[in-house]
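Just one chain is shown here, as structure tokens, and it is the form predicted on its own.
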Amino acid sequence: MNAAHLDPDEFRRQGHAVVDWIADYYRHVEEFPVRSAVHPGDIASALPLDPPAGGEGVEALLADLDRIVLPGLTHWQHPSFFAYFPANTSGPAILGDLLSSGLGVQGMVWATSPAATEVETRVMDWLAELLDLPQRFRSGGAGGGVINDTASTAVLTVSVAALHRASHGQARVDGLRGQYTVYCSTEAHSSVAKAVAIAGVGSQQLRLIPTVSPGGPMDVAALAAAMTADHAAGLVPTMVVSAVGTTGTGAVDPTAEIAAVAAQHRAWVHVDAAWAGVAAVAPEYRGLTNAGLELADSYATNPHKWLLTTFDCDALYVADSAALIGAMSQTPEYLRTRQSDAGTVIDYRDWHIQLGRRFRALKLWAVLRHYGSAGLAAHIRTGVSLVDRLLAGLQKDARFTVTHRQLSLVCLHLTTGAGLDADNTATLALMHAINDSGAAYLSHTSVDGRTLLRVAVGTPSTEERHIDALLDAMRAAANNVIPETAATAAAAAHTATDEPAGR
């Protein structure tokens, strides 16, 4: 085949073939095993060792997607994918991403594509309005929003900004010298520890604050004691991360109380609401997700998790961009423009770590315009209602103990006839049986030595029948681990559910 560039007509033909393939994939995704069953090296061994010498058509590529790639995929858009927080995508988001790829712009500074900057600013303000975020995070004042790839990048970015503010700008000149401290709960995401290491704070300067209950929210009294002790030792309490919807159990830290303690040390407060934050598009959940945000310095949530937007798309907001820009800005001569020098535009390259940036706002813009506030809220409510259905089913079987519930996440373990699954063997055996079957996919966490299964609902195609099928699979797997008669004998002394934490 001639390897020349595609002309518009040939691009149109091949593009139609690719869109048809994607549409067929979504039509049939439910027929695939949720989790890939390949072994390490299987995919690589099916690929040639050498690249092609001549060009190939798109038909050959699509054939290899069917033959090689699909068997090696775990299908995140499968309606029975419950393992991790959802990585939602949707038709409008896919098309928005296609448009971004097709335009191929690089929006590092305003002048390199003014629309890429100004659409992003407006779309981030739209999202802030839909989530009812405080006015301080809107673009009309000192703050505003910027799209990053993930919440992990967001926490690293604001860590650097917090260090810049705490050091009065000296950290970027003199380094950190081991005097700054960062705080989060023991349930906070691992990206906080990673950010501390990358930013140069040092893992010994990260304070893991205990929770008030197993898998629960941060103990604010313990936070206050830790910050006071560090200050007395001559250290500089620099940043506290408040988790709104922890990955393990969905716990929500008390941001307002945390901010009150942090204010005594002028420490930066970052709210990591990567998963749960988008639930605020449904007003009834704002009391859970938004409490105390008016006191936070920064806030991040991921539309690519539960808001129908193709990965990657993290929405990071800051109340005052000065520290962010002060920490990030580097302006070699080749990046100077008249508009930037005049200070009349936003150059998003100064709002995050990387210089280059693609037009991510297009896919979020497409999603917001297609679904509107009503459609997005309906999607969130569907996920929550499906978990209500799951809980109702679990409560009918004394072998299942629910320990935590938050929005569309449930954590549970098995209870044997003789009492608790003391060594976690039964609970893990049930999870492996379900996952190996390919019918559904669950993950697990550990709280105080207890293994808990996580069921996270939120894939757009998940329906009540998929929840019912999961319940059937769980009961069937439990029958091989704990005979139902044994569980019935223990039911009098053990209820089917503990009081789940939160909603």
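Numbers follow the displayed sequence, beginning with 1. From a predicted model like this one, the values you see are computed outputs, not experimental measurements.
One more form of this protein should be noted, the form predicted together with a small molecule, which is absent from this view; the next part is about it.
Residues within 4.5 angstroms of the small molecule in the model of the complex, judged by any non-hydrogen atom, belong to 302-310 and to none of the other stretches in 302-310, 101-109, 339-347, 174-182. Shown alone here, Ala151 lies within 4.5 Å of the small molecule in the model of the complex, counting heavy atoms only. Although the partner is absent here, Ala162 lies well away from the small molecule in the model of the complex, with no heavy atom inside 4.5 Å. In the model of the complex, the small molecule lies farther than 4.5 Å from every heavy atom of Trp365. The closest heavy atom approach of His189 to the small molecule in the model of the complex falls within 4.5 Å. Just one of Tyr285, Trp351, Phe137, Phe85 comes within 4.5 Å of the small molecule in the model of the complex, counting any heavy atom, and that one is Phe85. Note on contacts: among Thr415, Thr247, Gln406, Ser80, the single residue with a heavy atom within 4.5 Å of the small molecule in the model of the complex is Thr247.
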